[in-house]
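Encoded as structure tokens, the following chain is the form predicted alone, with no partner shown.
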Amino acid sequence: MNTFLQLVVNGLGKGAVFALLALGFVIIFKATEVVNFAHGSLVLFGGYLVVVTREALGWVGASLVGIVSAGLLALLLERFLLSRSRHADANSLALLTIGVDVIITEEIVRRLGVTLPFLGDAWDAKPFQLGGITLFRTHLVALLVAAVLITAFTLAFKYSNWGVAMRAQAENREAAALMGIRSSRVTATAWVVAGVLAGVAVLFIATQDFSGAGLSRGTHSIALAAFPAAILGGLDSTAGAVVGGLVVGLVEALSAQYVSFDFSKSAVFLVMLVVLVVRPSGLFGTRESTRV
């Protein structure tokens, strides 16, 4: 029983990070109807800025630089690439993000070379015992940070002018424009928020507790594991992104322990496929994810 409880707690910690990343996918999709496959490169970019500025600024300062930089890079991608291709269809823009992702990822991996730096200085590799259960600080801090950020986003999404505008645009873009809502501002803000969430997530991904490896190409692969979480919950549902992320974290943790580590990576996609067969729009979505 202790092993199971430990897996659940640590799985929820991992799931919280996946939830942040999945929320980034969903925010951009709701604002633009584009699936951003460059999300993994935003994670890597934020982490790389932490690495190169950590010695000069300290961990806290470097982390802030990484988070802000990931948000700014997301804004640049939206302003200088996607906004200039606004007449292209959503599938073409999704392919464009794949190209951008490859360019950014390969350059960062080249710059990192053989170094695999860990980023979670404040909490990594500091497990502790609680009632006979071994818990990892990284997972617990991830749960806390994710809870704060998701709560803040939910409140902003429901009550702020930006949140109201984004919901109106997601419902009917033409009608929202006629009501005076500036689509470009809503879209730009959505990309910035997604980038910031990616910058936060990498501080937990590139740790010994979470992945067992430092910042590398593997970090990018782990970040893209949040895509099934977004699909599972529903690409147009913010609540679904959170639930999907937690489900992915739990499925990975439990299947790695009770089946095998290699199978745990496939198990996430199997769960996603089962959900899509039963409900094509995802658990909480209203549009069929298979059309994207």
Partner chain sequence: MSDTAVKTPAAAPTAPPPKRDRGRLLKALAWVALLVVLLAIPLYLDAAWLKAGQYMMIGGVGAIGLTLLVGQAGQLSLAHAFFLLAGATGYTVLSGPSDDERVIGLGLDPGLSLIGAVVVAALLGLAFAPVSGRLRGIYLGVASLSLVFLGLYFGQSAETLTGGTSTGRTPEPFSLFGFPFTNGGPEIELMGVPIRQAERLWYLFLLLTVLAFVVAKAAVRSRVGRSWRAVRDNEAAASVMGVSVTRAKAGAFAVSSAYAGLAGAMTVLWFDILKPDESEFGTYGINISIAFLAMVIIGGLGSVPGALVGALIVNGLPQVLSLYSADLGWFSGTGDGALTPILVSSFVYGAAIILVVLFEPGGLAAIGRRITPAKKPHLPEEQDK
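Residue numbers count along the first chain shown, from 1. What you see is a predicted model, and the numbers here were worked out from it, not measured in a lab.
What comes next is about the form predicted together with its partner chain, which is not displayed.
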May I ask you to check whether residue 161 falls inside a 4.5 Å heavy atom distance of its partner chain in the model of the complex? no
Contact between residue 272 and its partner chain in the model of the complex at 4.5 Å, heavy atoms? yes
Spell out, yes or no, whether the shortest heavy atom distance between residue 176 and its partner chain in the model of the complex is within 4.5 Å. no
Are any of the heavy atoms in residue 263 no more than 4.5 Å from a heavy atom of its partner chain in the model of the complex? yes
Each of 53, 76 and 79 having a non-hydrogen atom within 4.5 Å of its partner chain in the model of the complex: is that the case here? no
Considering its partner chain in the model of the complex, find the one stretch among 45-53, 59-67, 238-246, 223-231 with heavy atoms no farther than 4.5 Å from it. 223-231
Please pick, from 167, 126, 217, 182, the one residue with any non-hydrogen atom lying within 4.5 angstroms of its partner chain in the model of the complex. 217
